[in-house]
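Here you'll find one protein chain in two forms, each presented separately as C-alpha cells under the names structure 1 and structure 2.
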Structure 1
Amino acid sequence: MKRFGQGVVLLLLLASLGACSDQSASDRPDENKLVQVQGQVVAPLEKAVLSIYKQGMDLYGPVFAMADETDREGRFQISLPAGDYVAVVRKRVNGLNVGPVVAGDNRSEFIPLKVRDGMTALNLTAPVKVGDNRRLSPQDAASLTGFKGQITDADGRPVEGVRIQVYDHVQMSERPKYVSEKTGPDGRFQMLLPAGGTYYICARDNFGGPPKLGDLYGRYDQGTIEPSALVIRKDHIVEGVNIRVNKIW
C-alpha cells in the first residue's frame, strides 16, 4: 500500500432503509429506526476505523458506536439510529483502537453527521499527524521537570505495557493531561512535564473511560483512600513514584 501524507478522503454514504412520504417529517430523527451507513476511506486506506459520538459526548472518550476496520478497498458499514452525531476516522500505527493519536497516525477532523432517511455524501480528509504532543508528555531530553518510578504487580514483579496518566484534579475523571509511553520489561518509566504543579497519577494498560473488567489499573497513593497529590517543582525530577497495578475483577 502506498504511504501518503496529504490525507485520505472518507466518503460516507447514508443509505435509508425506507423512504418517507412526508418531506417535513424526514427532518425529525426516528430513533427507533436503524439507518445503514456505508462508505469508503480512499485512496484506499485499509484498517481505518470510523468512530461515532453523539453530540455533546467527550470526543476523546468512549465512543457511541464504532464500525469494523475498513477492508482492503477502504470500505466500511455501520447501522445507527437516526439522529445527530459527530464522526471521525482514525488509524493508529500501533494497531490499537484506543489512545491518543500521535505522529504517524491518520485522523480526520471531527465532522457533524446527520443520519436521516435518504442519501447523504460527506467528504473529509484524514492527514497523517506530525509532531502532535497535545496528550503525550513532551519527552524532551532537556526537560528537568517530572517524575520517575516503577510499575509492579501485587507480587512486586515489574509490569510491561502500562502507561502513566497524569491528571490535575483529584477526581481523575476528566481526560488525562499527559500520557506516557508504555513501560518496558523492567516496568520503569520517566514522565517529563512542561511545568511544575500538583498532579494525580494512575497507571493502566488501556485508554478511554473508567477501568473495565480485565484491565490493569493502579493509583499513586501513600496509604490513603483518595489518590495522593504529587507536588513537582519546576526543574526537579521526583524519584520513587512507584505504583502497583492490579487486574480489575
Structure 2
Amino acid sequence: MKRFGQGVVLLLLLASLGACSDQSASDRPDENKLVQVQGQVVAPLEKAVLSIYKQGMDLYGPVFAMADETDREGRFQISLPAGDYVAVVRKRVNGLNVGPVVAGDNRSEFIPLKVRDGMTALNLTAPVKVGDNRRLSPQDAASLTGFKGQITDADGRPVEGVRIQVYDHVQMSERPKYVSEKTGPDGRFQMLLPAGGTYYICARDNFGGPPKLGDLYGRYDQGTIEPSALVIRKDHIVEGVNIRVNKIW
C-alpha cells in the first residue's frame, strides 16, 4: 500500500513536470520565422513611426527595428522574428526619426509586444507630449546655473544648427542628460541647468549613435582621453565654454 502511494506521488510529480515543460515550449518563440505585425495608430495619425525595441534595450537609444511611416489612416506594417519586444510610436514635429521627443511631438506609451506565429495586431494611440523633463521648467530657468559659449567651425566662424549635449558621466556614451536647442547664426548658446555639478559636454549636428563620417562634432576637452569636466556651481553661469566642431574624418 505504501509502495502504491509512493508510485502515485511520483506519477503526479512527473505529470506536473510534463505540463510545465509543455507550457514553456509553446510559449518559446521561434526566432527563425518572421511574423507580420500590423495595426493602426489612432486618431488616426499619419507619418508616425513605430519603433521596436528588444526587451532589455535602452528604450531611448537605437531601435531594433523601425516600420515605415504610417499612411493616411495611421496604418503600419512590419515583419519581426518571433520574440518579446517593446513597441512605441513617435512622430516628431521636426520631421526627423531620431532625437529626443519634445513637447508638441506625438508619442505613445511603451507597449510590451509578444510576437508569435501568425499575424499579430497592434493598435496604439500617440497623444501629443505636454511638458518636457529634458527641457528646463520656468523654475529651472530662473536658477541661473549653467554655462554659455559659442560653437565655431575649423575657420573659427560661428556654426548654426548645432546642439549642445550635456552628460553627467565621463564616458559620454549614454543618452545625454540635457540637450540644447539648435544654435542660431551667431553660434552662441546658453544652457541653464537645474543643479550645479560636474558635467561633460559635446556639440554635434546630428542625433543618435556615435558621430559618423562627415558629421560635425566637437567635445569640450583639451585633447586628453577623457573629456574635460565642466564644474558648475549653483547660481553661477560659466562663461567661455567655446567648442570647435570639426568634421569626423
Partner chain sequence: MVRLLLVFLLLLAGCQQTTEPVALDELAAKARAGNSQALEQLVAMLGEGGERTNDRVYALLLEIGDVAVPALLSAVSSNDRIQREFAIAALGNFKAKTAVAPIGVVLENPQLGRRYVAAWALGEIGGSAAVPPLVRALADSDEEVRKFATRSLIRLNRQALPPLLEFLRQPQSPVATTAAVRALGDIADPAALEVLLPLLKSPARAEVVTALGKLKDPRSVEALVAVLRDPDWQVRMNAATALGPIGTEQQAPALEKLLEDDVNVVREWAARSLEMMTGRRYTYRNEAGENVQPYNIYH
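C-alpha atoms forming the largest set that superposes within 1.5 Å between two forms make up the rigid core. Since this is a predicted model, take the numbers as computed values, not measurements. Reference numbering: structure 1, starting with residue 1.
Taken from the structure described as the form predicted in complex with the partner chain is structure 2, whereas structure 1 is drawn from elsewhere. G214: CA moves 2 Å or more between structures 1 and 2 after rigid-core fitting.
Core-aligned CA deviation for Q55 between structures 1 and 2: less than 2 Å. A displacement of 2 angstroms or greater separates the C-alpha positions of T224 between structures 1 and 2, with the rigid core held in common.
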